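Consider the single chain below, provided in structure tokens and representing the form predicted alone.
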Amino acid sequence: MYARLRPLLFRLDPERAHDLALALAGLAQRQFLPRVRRAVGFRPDPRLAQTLFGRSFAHPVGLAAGLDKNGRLAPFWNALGFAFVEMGSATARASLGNPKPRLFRLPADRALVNRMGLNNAGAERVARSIRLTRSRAGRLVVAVNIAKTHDPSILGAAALDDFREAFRAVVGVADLVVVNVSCPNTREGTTFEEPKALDGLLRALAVEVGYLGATPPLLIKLAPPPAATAHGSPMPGLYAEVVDVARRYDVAGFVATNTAPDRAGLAADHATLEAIGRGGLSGAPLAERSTALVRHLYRLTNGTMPIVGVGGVMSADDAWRRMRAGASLVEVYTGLIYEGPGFVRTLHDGLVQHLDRSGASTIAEIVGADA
């Protein structure tokens, strides 16, 4: 059915289509959730289950950050079959984000470009929304992605305080907290991914952990490497330093990768890209770069820090390759936009088929097999 609806949706402005989809998901969550579950109608294969970060994942497929920014739809994502979801990004202060238009499709590349600018209702309201719906979300693992408020005047110590405020707001509702240190689509365009800046941020969050006691495991979301790394060029030494800093502060794992600010290797013509302008690229063009970073991180950590692979997971083959490179879990966003709500089951069933052919007994056995 989605194959017939997609051409109609793609005639709409991308953000209008996005808002319409979320509104329909909200309606389904309020009134038709049992029907959604029956329509999806699959039971996860137990061979795909894993325990990671002290949480049970029914299978490896989750929803990436950016779709449910305000944390309102956990029961719906559970009904679609996702094993986990990354809400947000949530920031300490509410933000309207960047001026519109700010979301663009590149159909020839099966990609999106966004410069949303971290629009969200603020971490307190995101946490409240998750709390109100969590009991209806079954076994869904809920991660919350936090970022610095989109305001270039928030710098230095104020930026650290901003992150700490967002962290305090979400720790009570999150199974995992993902620290977004690499968002490319804010006006200031700066990140905390540089090792010295990351050290300062994690030190500040460690102070919060000291105040709060037990908190959810922390993961760090990293930017993709340069496009050339997908073709064998060496990885920047930055990543080894980031891993060292992460270990110092008992970070539990990584999310790899965020969107990319460049336009390397696209089929879209120059005029189209010029008209779109800046923003983060997601979808199929990121697949090889994201896979390369997953493999690199797996090697750097000897497989001791679980990795969530995201960026260009557009098929079950993509998910399988990402896991064999070292990802224990995978997330989708752009693939869901292009393939529709049945995409979760498509990935699940495809992974089962790959597992059958591999001869492995469980999905965990193949993680990092090609690293």
Ligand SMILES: Cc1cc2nc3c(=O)[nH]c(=O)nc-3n(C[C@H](O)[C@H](O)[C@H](O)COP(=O)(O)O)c2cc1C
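It should be emphasised that the depicted structure is a prediction, and the values quoted were computed from it without experimental measurement. So that there is no doubt, residue numbering starts at 1 and follows the sequence shown.
What follows is about the form predicted in complex with the named molecule, which we do not show.
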Exercise. In the predicted bound form, does each residue in the set P14, T272 and I276 place a non-hydrogen atom within 4.5 angstroms of the named molecule?
Worked result: no
Exercise. Quick one: which of 112-120, 158-166, 206-214, 232-240 gets within 4.5 Å of the named molecule in the predicted bound form, going by heavy atoms?
Worked result: 112-120
Seminar exercise, completed: in the predicted bound form, the residue from A83, L286, V170, A246 with a non-hydrogen atom within 4.5 Å of the named molecule is L286
For this session: Counting non-hydrogen atoms within 4.5 angstroms of the named molecule in the predicted bound form, say which of Y333, F53, W320, F57 makes the cut.
Result: Y333
Problem set entry | the named molecule contact in the predicted bound form: G312, any heavy atom under 4.5 Å | yes
Exercise. Contact between G66 and the named molecule in the predicted bound form at 4.5 Å, heavy atoms?
Worked result: yes
For this session: Would you please decide whether G71 lies within 4.5 angstroms of the named molecule in the predicted bound form, comparing each non-hydrogen atom pair?
Result: no
Exercise. Hey, in the predicted bound form, does N145 get a heavy atom within 4.5 angstroms of the named molecule?
Worked result: yes
Problem set entry | Any residue of 246-260 that, in the predicted bound form, places a heavy atom within 4.5 Å of the named molecule | T257, N258, T259
